[in-house]
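Presented as structure tokens, the chain that follows is alone, the form predicted on its own.
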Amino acid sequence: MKKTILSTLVMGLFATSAFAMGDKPQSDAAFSDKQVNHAQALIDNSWTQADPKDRKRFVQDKTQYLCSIYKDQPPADIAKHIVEMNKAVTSYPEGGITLGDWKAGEKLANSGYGLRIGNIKADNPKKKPNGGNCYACHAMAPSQAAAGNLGPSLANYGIRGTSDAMLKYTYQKIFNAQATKACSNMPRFGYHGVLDDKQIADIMAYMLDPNSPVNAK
């Protein structure tokens, strides 16, 4: 439960913070000016003791702003724009997309360490690397009972195979999910520097390697 709460906090900081970009479109599907201003005031008066570098995470980029004002359901043209905008800023490993060590990926999938702030001592990436905290939102290995359901089950994800297209899709989903689906709830782990390429490769191996417990029959 604690891991889930902390994960939700971190995801919230990335996905639903301040309305700071201006140019709010006029649409019944979007929040009103009153709602926008109220949300902004709540954010401005929250986590005031946080480190200034952490408070920078409260400021939305263009993708987050668009998803927020359209309540994560943007019109088709805006959704397409969001996906294309994020494809343009998604980078790939120099040596190509490969699978890493699934055992290392298992540890990362179970680790909720990283980027936690608030009433706890802030995580220090110099002492311990960030985790993916995958189980906060996804079921993966059938043997792991403590799993969230905010995201789809990834059990037996490996049956999809390891074609170039599947490797690219899986990498994009972890590095920058907004490049595959506009307003996805998935954090942008690579884009925001939460996970590096090696860590992403290890988590991908945990998902796709036939020997991984994720793919246990």
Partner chain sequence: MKKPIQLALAAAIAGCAISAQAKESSVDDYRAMLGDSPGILWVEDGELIWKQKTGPKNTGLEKCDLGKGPGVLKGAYAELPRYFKDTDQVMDLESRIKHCMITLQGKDASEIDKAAFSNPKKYIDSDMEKIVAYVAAQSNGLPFNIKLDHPKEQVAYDAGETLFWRRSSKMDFSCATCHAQDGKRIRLQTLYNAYNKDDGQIIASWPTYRVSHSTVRTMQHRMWDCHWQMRLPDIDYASDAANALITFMTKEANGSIIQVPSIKR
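Given the structure is predicted, the values throughout are model-derived calculations rather than measurements. Positions refer to the first chain, counted from 1. For clarity, a rigid core is taken as the largest C-alpha set superposing within 1.5 Å between two forms.
This protein has a second form, the form predicted in complex with its partner chain, left out of what is shown; the following refers to that one.
Between the options K103, K128, K71, K87, the residue in contact with its partner chain in the predicted complex by a heavy atom within 4.5 angstroms is K71. With a 4.5 Å cutoff on heavy atoms, N149 counts as touching its partner chain in the predicted complex. Looking at L99, you'd find every heavy atom of it more than 4.5 angstroms from its partner chain in the predicted complex. Its partner chain in the predicted complex comes within 4.5 Å of a heavy atom belonging to I117. In the predicted complex, at least one heavy atom of Q40 sits within 4.5 Å of its partner chain. Taking its partner chain as it sits in the predicted complex, the stretch 35 to 50 comes within 4.5 angstroms of it through a non-hydrogen atom at Q35, V36, H38, A39, Q40, L42, I43, N45, S46, W47, T48, Q49, A50. Annotation for W47: C-alpha shift of 2 angstroms or more between the shown form and the other one, rigid core superposed.
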